[in-house]
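In what follows, one protein chain appears twice in different forms, each by itself as structure tokens: structure 1 and structure 2.
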Structure 1
């Protein structure tokens, strides 16, 4: 049987509407935005004509396929952005979610087993035992549009060599094409027109979960060639064909119909979607896909204010939107609203209070005792119970409590302000201390810190709680709100030399980089805007490969360690140890040791994995069981192609 998986890390916002739906098939994922939607939604104003498809039965439901009506326009209300379909910005999960509307991926994982996946572009995957070689076979009816021809192994190999791993392109996931701390490149070769062989030097039981091709979007080389020759990454990103993915051909369920910046992105049903033919001939592809998708159009409607989106949903003007946990109560048991609530407690997303360890953050935050003080001050149990209204699970490390590697005895903090004061005094340098109830610094003034976040109902409350608690231990807090894009580019991403540093940025003698989000050590490179704490941004990942996730986020040279955290243990080596173990089971103790280490270290203040809630109009069918039985049973994945209106019309 074939085997495979997807791997991406994703820095994502708490109120990330669609991201949860994408988690299912990713062991690690990319970046996404707060309050954004991804794989749900649609709307009307278009043609609500109704037709009935023929076929068999749907996957996961008892509805006969010949009873599935098609038609209508589905509208998903999102607070994300509608900034195009540029597949080179897939480090931003919002863009990824939109790109996946017009282009599928390799496959979708459906259980922890290598062999259990929904084959999309990849017809087959063969994993050699021991695990150091994977053969990927592409389907033969994959076509780019606009006359660019067939998608073949050659296109993948060209993109690997010329874009994905090219220095000038600075692709976020360039590091995914190597394995191990010494960054040994994965070897890719063409076996035949449709088959690619990936080989790594040594056996790794997690390799099928980490292989990168399954979540890459190749583009026609004719489009990219001029930019490759000029090494012009900016030009490539601004190319109209790239921005609008006009080359998508039959590679995805939808085609972009209209894009109005900061307003709406409209997709129309792809007429020759390859998966329809595959579903008819391949038993592994559910038959619901033989006529999918079932909406005529699928819209992402952008809202700046989430409240407006919820009001639009109540008024029946849109079909679904994300519901923050603080608002869920008003949607529960409210039958008059003509709405149904979807709950997903299996969200591989860790929310935390980010800490800036770099030189433009408060220097004392690099001291573990101070971070422990913060863990008392910013008490995760309080947040879960009183801010998330119990609709979340507390986390004390980078792993959900339901995950397979959750440590048995994570370090916990009871939220004692008295202990926090003691830790602050003992943990900071000698020129800090209390003057009465005020915690003062070397200049004799009260210590004043800054938290930055994207304003939203939950994050406003989290920031207010942090401010209140810091005030109670004598520290002042400035609250700074910004947009998701700005949060990433101006605060999170290090992009400037640290004050007083004049050398070459990078790690070690060779000045190697961890990538655009971690170009160098904490004392060499900092973000353009200074900050101390960060909310909104958390980390999304699949639960099966936490070793890679941990090293990526908190390893000194990890590609997402923008925090500048410097662990005193080599997390990269521990990751390698886990990933080169004989089996996943054999890796378990190493992974749990890593998670326990993080729990004790608190490089960030671990908080919770909040449940995702979405409200749908009752007319929307096949949204999946709520709550699902497990992480692998979420039907939100590829929901745009599975859902339909009960009468084939939005009714608007």
Structure 2
């Protein structure tokens, strides 16, 4: 289905570049937290083919709607995981990508202007100026499956009150239903069966990037009610209907057919997909959706190693996979007649060396000087030039180099090991210091730290570089590899009381939780496994709403601040100031101040926004222009609903 908005901030891994290339996910993600691809651009031939809404253009040859063949099974090879389609727990990119296979979102933004969007579930939106009241009209005949009836305004309102904003649910995006420093709730009311009125208590210049309903997955009341009554969030998260989204009805382009843990996830074409009828009657929906999707089935084939997935692609066993930057050269120079390469330089994802500020990490990492030492040791320019082979852009804060708010003068580090040694000595407590060339701790032994990551070609090289450089300043490093699921659940997500803490976990007198990824302060709650540094996990976000992203990831009570970072500035208040400014222009100085602050603080060691590369078999058509002309064009690429096989068959 279409890709989307930058729905919301999400955790995402680097090596796989996003599951399935479901840029329908990205489209929606970036929209406002959230979107479908509209017109079709030329394929990856690099020609100047232009898009058309009456057909598509492939390798310079225009294909009319009537000529688009249907059929075949598309297989995407991935090294991710198959942890279900949990529409209740959608905090990470992979889960969202899978969920968005079977359920669309409200709309997909097509430009920075709030009026420019591709309508999906939301047939229309009426916005009063200044943006403080929005009427959202749902399409008619959006149907849940399994007899749960039509999706209407009532379903949204029930989920808002009983799940998405309910304290017991600990919903990851609950904070997006409030505005401003006082956390004033957005008011939602039913206008009629299909219309929801959203009244915003403050100015919200970044609408629709942070319009919450556009990227929520309503759950039928009949499924959720027992868990609501028992306030059983864990039970709801593990319910089979939720894990498999069996109630998706006609709400998305695909239906889950088969799911074999860590092996394969198979989707079959949804026979009653609502958007086909919409495309036939709504001029704003491109004609290509009148028959979408075009594959009979879409599969995720899971591999232990990215190299194995690439070998399967070369052998014609699968149709596409992610290509790490370290391997792109061989595809560029030896691109066979059977493969085509897609390049995306507009990835809104920040890769960095994560730092554990919590009590089960090295205590000295909470000192900024030590983090500055690390920025010298783990030099981002070296990583970009020598590990990513220049196929990335260095970052010195949480914002892509091409983004509209990139500060002009970020703090940079030249990679001096001599300076790093000086900072280590001055930044650590008095019981640390050098013994010869060895950096020792209070027990007189060499300081020994641990980096955890999911093994992959790029991350293996990043970890080896970190180890080499730490050794050069006298610190030993243990390398620990694990799966993506384990990385999230056993290392990143805090869920256990910190040693020596016996109270109730939470922030402030009310023991407020920041959400499942940040239930409390650094000295109260820690992950089940200790760690000091983390690779693989980065952060996916909407580049047009960086204030929310910054507060979410690095605000003390931010919903994704699993790192336990404690800033000495109230990033949440700065976010509120920016998000309730009178205009986007008025918010700019605050946003850049936040980004400059992070550049100086280095709560993590900012590294790069890597380009994405995917290899497709040539039979796969309509993947998008490579590289896309802009971030907005990229959002429309590689949609599972618009791609097709040139002869209607995979040929396997």
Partner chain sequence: MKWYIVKRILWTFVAVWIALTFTFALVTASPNQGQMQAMMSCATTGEDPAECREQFREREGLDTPVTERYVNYMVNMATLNWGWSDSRSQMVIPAILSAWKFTAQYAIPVLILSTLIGYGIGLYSAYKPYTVTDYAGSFVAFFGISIPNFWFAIVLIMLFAVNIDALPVYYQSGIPLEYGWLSVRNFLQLVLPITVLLTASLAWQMRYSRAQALEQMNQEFVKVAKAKGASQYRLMIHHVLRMAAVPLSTSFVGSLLAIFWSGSVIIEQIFAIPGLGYMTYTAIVEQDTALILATTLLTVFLAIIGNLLEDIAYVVLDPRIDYGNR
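These figures come from a predicted structure and were not determined experimentally. Residue numbers count along the first chain shown, from 1. We call the rigid core whatever largest set of C-alpha positions still superposes within 1.5 Å between the two forms.
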Number of the structure representing the form predicted on its own
2
Once the core is aligned, does residue 387 move its Cα by at least 2 Å between the two structures?
no
State yes or no: after fitting on the rigid core, is the Cα displacement of residue 477 between the two structures at least 2 Å?
no
Aligned on the rigid core, do the two forms place the Cα of residue 446 2 Å or more apart, comparing between the two structures?
no
Rigid core superposed, residue 229 Cα shift between the two structures in Å?
3.0
